[in-house]
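Presented as structure tokens, the chain that follows is alone, the form predicted on its own.
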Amino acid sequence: MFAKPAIPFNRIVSAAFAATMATSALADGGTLTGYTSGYRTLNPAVQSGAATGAPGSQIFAGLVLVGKDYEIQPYLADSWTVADDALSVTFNLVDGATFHDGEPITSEDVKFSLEAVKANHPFGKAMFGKITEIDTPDPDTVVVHFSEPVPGFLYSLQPLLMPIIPEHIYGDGQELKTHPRNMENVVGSGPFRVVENNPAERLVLEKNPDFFIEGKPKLDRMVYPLVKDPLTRMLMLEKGDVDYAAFAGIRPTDWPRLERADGVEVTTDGYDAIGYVHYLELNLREKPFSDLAVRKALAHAIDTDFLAKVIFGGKTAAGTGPLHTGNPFYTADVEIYEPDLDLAAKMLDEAGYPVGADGKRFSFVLDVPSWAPQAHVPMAEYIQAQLAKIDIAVELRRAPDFGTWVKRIAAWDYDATMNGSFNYPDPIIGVHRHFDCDNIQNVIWSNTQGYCNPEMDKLLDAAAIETDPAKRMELYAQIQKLETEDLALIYMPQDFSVTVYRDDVKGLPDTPFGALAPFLDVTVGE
């Protein structure tokens, strides 16, 4: 289950944890092999999601880490102090940390990184929009000021969401989202450095010998060949050709098969903080999807319980709204659209979409992403077949690669798409981005559907600064209720997230972020 974050925002953290991280009881060495299904950038400052986040969390360090029980732990910041009014946080950086090119990591780099993420990340505004000023009184001190309290701020400072990137590389005036150093000669701040990056073939990371935590990382190398075909990936996992694969993309029916394979382990651990939810995203800018009655009719036509049981083998739950059922702010007290094709057809008739002379009410193109095909493809095929029963023609358009799909959705050049995203521990990080009017951007995994409701904005703004847990809980209950009434997104079954690894892989992160945390203690062949 998703544990409720228990660390109060005004906690003062000492540097003692850094000393424990420096101890090493196991011998160093080993190469971890995996695979990648494709990525557009290695810079998490400009891209969310696992494709970038998994390698990015190894290449870049953050100010903090999130521990096993959601405890905020030191990383590049060895201590910090929150002001009594919660309107500023002062960070003290570790001594002697350097980028992969040997340049020192300073407070100016931290300031630059915060500003870069705020301006370029899909939900940078949601995380850091209330930052008013960042002071750097000396190279080792950063003071962040806010216009209002930000309860989820510290959870946003891990490398997955706020990597420390070098100002001397990225501050050259070039557009950060398309900066050539996002992929070429990448200079990071984390435990591994890029030694080979050919997106058409493979990614190779190598231990950073000058990493600021003594004795870490323990691995020598991480090798990720490009493997797009799901069947090929499954065979590699079964044969043990892969040491480690997170977000493995297996079907529930594959689980027993992999468990029977010699030396192979399968687990759903390490996804608690992710809160991966699937949804049908409709472009709300034009009819028919700008019509709420049409969206409600579609919701009645889709049986998400059936999908959870058949496609996911009953190993996941039907989504009821924007928050994952394991999220500490989740509520089931929302409008539920029971499956009813007759009611859906009647609603469409009343909304002005009768069956025409061609036998169709209307038609649309449903874009199917290249990622998570084991979930998106069967769900899309189900939707196509189900809506045909109420005389809606759905054409499936399968993206040949991740970049093609991203370009279409980010440009709003689509009718509808299968999609999914992460909640993250605090809804400010992963949920607000989909519903805030100000976050309607040409950026993937933002408010690309074009939803805007001033009442929702008021609720989001209030929840973003509320420090009383009970009051925040009530605000998020209202947010979930309003979303299900407006159907900004139509939620599908939650994801069946699985990690497959060889049994000689030890020291995997046991934090809620799992594969999206730095691999400081991982070894192979011990």
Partner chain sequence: MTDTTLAAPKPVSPSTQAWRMFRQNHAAVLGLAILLAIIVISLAGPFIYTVAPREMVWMPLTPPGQSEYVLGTDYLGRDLLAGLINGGRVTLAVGFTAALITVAIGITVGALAGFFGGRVDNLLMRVTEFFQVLPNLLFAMVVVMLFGADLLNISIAIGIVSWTSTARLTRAEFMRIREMDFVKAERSIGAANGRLIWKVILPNAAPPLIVVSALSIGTAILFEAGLSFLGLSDPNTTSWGRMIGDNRPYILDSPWGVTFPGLCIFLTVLAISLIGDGMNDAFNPKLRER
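Positions refer to the first chain, counted from 1. Values in this document were obtained by computation on a predicted structure and should not be read as measured data.
This next part talks about the form predicted together with its partner chain, which is not shown.
Comment: 226-234 is the region of 347-355, 226-234, 211-219, 95-103 lying near its partner chain in the model of the complex, near meaning a non-hydrogen atom within 4.5 Å. With respect to its partner chain in the model of the complex, the three residues R251, Q384 and V394 uniformly fall within 4.5 angstroms at the level of their nearest heavy atom.
Residue contact check for V377: one or more of its heavy atoms lie within 4.5 Å of its partner chain in the model of the complex. When contacts are judged by a 4.5 Å heavy atom cut-off, K111 does not count as touching its partner chain in the model of the complex.
In the model of the complex, at least one heavy atom of I311 sits within 4.5 Å of a heavy atom of its partner chain.
Heavy atoms of R398 reach within 4.5 Å of its partner chain in the model of the complex, making it an interface residue. Among the residues K389, K287, K360, H168, the one placing a heavy atom within 4.5 Å of its partner chain in the model of the complex is K389. Contacts with its partner chain in the model of the complex, taken as any heavy atom within 4.5 Å, map to no residue of 338-362.
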